[in-house]
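Let's start with one chain on its own, the form predicted on its own, as structure tokens.
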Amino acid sequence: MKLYCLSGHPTLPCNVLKFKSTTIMLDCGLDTTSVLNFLPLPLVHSPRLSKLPGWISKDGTVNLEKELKECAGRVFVDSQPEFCLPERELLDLSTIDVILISNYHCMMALPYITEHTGFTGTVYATEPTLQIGRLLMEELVNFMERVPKAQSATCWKNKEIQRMLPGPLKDAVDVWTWKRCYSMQEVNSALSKVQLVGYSQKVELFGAVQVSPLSSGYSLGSSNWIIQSHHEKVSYVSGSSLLTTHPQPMDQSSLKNSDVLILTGLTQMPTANPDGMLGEFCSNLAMTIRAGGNVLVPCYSSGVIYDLLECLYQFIDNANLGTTPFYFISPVANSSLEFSQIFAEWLCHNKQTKVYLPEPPFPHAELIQTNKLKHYPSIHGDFSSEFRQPCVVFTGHPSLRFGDVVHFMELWGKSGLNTVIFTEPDFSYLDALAPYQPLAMKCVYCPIDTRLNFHQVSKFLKEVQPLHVVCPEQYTQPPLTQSHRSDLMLELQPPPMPYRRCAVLNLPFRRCYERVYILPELANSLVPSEVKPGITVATVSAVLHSKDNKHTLQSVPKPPPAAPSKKRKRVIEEPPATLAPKPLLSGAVPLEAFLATLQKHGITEVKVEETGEGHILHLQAEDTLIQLEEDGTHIVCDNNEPLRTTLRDLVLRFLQKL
């Protein structure tokens, strides 16, 4: 069993498992942190960005003024943002049979895999994962296509030139493999290959293994996966949460007794408590509004935003913010808010019961009805005529490199009254803000990540007790910035197997058993005999028939009768005589009893030597060796056939014939 690791990002995994003649891709996350190296894409012409000076090396030998721009001591690529894809050279991706998706954040690289590698398999995901994943892809494509860039920067990727660039561009890895965003046509084609599954539904893969999704408690429709055969079980745990938020709670009991547990997608903020962060979010928002400023919340169009709106719903009236408008701006804002209300069966019990009242499960429905929350596809059109300040704006993208958020950063960045509150943990907020410096607006970092932390994981692993744990190498050592914090890493016995991008792991368990079926008529002909109390054995002569990874023992077909020949044969051919099979032997030769028997037969000079596998008996007078081992007995004797036969018969006395 092998695991190929195609992504080095611990929360945006992409791994391939080879298990029992099947090749299974586990997630295909897209590492979007590469976009932080690019200049933002403004929706409205930005004089500030267009006047940024080009970059020339200090000695003047490298001039990339057209490709690279300098801003506040950092260098950015002036081109369409590009993404770091999963590794595509480690194995032939056209051989992948299925792709299992755990949540909608871990499927953003799907079009790159399904459309450009010769993939012909099936993708399995839950319905909310598919629908919300579609919205996030649609939003990404929309953000990119709204602001097309004519030039494509490639000179800076030259290894010799990249080495001379200032960091972090200098340290960017595999820049030649970075790719521009896919098209909507590719998105639709990729998602047409998705087959929907429900929690605990068992899906057979070629009769070899069974895969089944379980609720992971992180987001709408998010799943952990069990991949099992008759005798082995592999669990894939990715992006799970034990906190009580809007999704169905995590199913832990089904993950017990795994041979291997692959663990990814732990919290990116192990020291930040989500409840504390929500409280800080609300208090900073209220302080800014009371001071007459605006609040900008860069966020994804699904996920944490549902919890933020729910939190604000309870907070608005207490904080006297009832008249403050809240705007949610995204090309998919309307669909996202509506989808969250219709996936009732994927929600926690508390929200499911509301559906039968009938009440909308999320309170943002009431905020929309009372006009406190308004949603728009973009800043153009209706929004510009209805826009009132001070206000709170939720919009994308959290990287601050594309989407409507770029416009608000340019619009509000010059005033110290305004605040930008970062809630998404995927990007370093200092790197996200770099191309907007110098910045007067206040910045607040309240990363809300509900995924498992190290304390919760240790407790969880003690309960489910897998034989082996495999995880990204980042989880086996403390964070670089807090190297003294040994509580921010996985400490297990036996230690977990770490992986990194481009690693190939041989998983540490061997398959020992295979299930074989026996036909009733063949079973009827067996004659079992008891070898030990409670253990019976029968010999069988049969044909093994294998098809679709199912193995069946069938009776040996009788040879067809020979067709009568018209020509007269001079010699009648005798059918070949079939030898009766030799009896099988079982049992063990007890040493003391065997020595006593040898003595009775006049063999007295016996030297006994103990070995790791059993004993060696040296018959000194006869110059003969007898090796008594657990799985066989050997008699070594030169040119004395009568003695060898006698010894053989004495050994057979202690063994049982089948």
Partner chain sequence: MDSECVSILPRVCEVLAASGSSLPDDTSLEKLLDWLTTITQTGVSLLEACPCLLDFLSNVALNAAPGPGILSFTLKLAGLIGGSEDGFKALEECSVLELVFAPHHWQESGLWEDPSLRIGWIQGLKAILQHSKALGFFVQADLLEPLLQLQTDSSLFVASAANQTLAHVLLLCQSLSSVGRDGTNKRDVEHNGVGVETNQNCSGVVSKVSEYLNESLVPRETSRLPHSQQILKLLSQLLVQVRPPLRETLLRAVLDSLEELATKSCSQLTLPLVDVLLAANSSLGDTDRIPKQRIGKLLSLVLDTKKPTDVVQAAAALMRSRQTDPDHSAHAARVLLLPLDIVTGVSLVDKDSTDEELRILMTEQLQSKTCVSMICMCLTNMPQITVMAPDRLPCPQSLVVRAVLSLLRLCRGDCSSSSAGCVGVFRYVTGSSKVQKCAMEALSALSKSPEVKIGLAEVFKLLTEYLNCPLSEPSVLQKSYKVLINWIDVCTDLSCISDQLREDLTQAVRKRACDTRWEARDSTVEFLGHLAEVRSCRTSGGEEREPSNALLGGRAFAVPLLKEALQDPESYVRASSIAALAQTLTPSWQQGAPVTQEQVEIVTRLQEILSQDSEGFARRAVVKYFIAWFSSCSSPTSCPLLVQHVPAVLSQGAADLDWEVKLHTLELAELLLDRAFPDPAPPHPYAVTPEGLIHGEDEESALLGSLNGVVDRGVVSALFCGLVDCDRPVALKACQLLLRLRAAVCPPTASAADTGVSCKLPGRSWAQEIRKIQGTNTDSEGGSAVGSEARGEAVEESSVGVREALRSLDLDEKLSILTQSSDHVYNSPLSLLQDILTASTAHSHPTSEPGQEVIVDCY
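Positions refer to the first chain, counted from 1. Since the structure is predicted, the reported quantities are computational estimates derived from the model, not experimental observations.
The following text describes the form predicted in complex with the partner chain, which does not appear among the structures shown.
Within 4.5 Å of the partner chain in the model of the complex, a heavy atom is found for none of Leu41, Pro47 and Glu89.
The stretch among 180-188, 74-82, 93-101, 318-326 whose residues place heavy atoms within 4.5 Å of the partner chain in the model of the complex is 318-326. Put simply, Glu280 is close to the partner chain in the model of the complex: some heavy atom of it is within 4.5 Å. When contacts are judged by a 4.5 Å heavy atom cut-off, Thr122 does not count as touching the partner chain in the model of the complex. Although the partner is absent here, Gly292 lies well away from the partner chain in the model of the complex, with no heavy atom inside 4.5 Å. Within this chain, Ser586 is remote from the site of the partner chain in the model of the complex, having no heavy atom within 4.5 Å.
Arg485 is the sole member of Lys202, His230, Lys149, Arg485 with a non-hydrogen atom lying within 4.5 angstroms of the partner chain in the model of the complex.
In terms of contact with the partner chain in the model of the complex, the residue from Gln477, Gln195, Ser415, Asn273 that brings a heavy atom within 4.5 Å is Asn273. Of the residues in 233-259, none comes within 4.5 Å of the partner chain in the model of the complex through any heavy atom.
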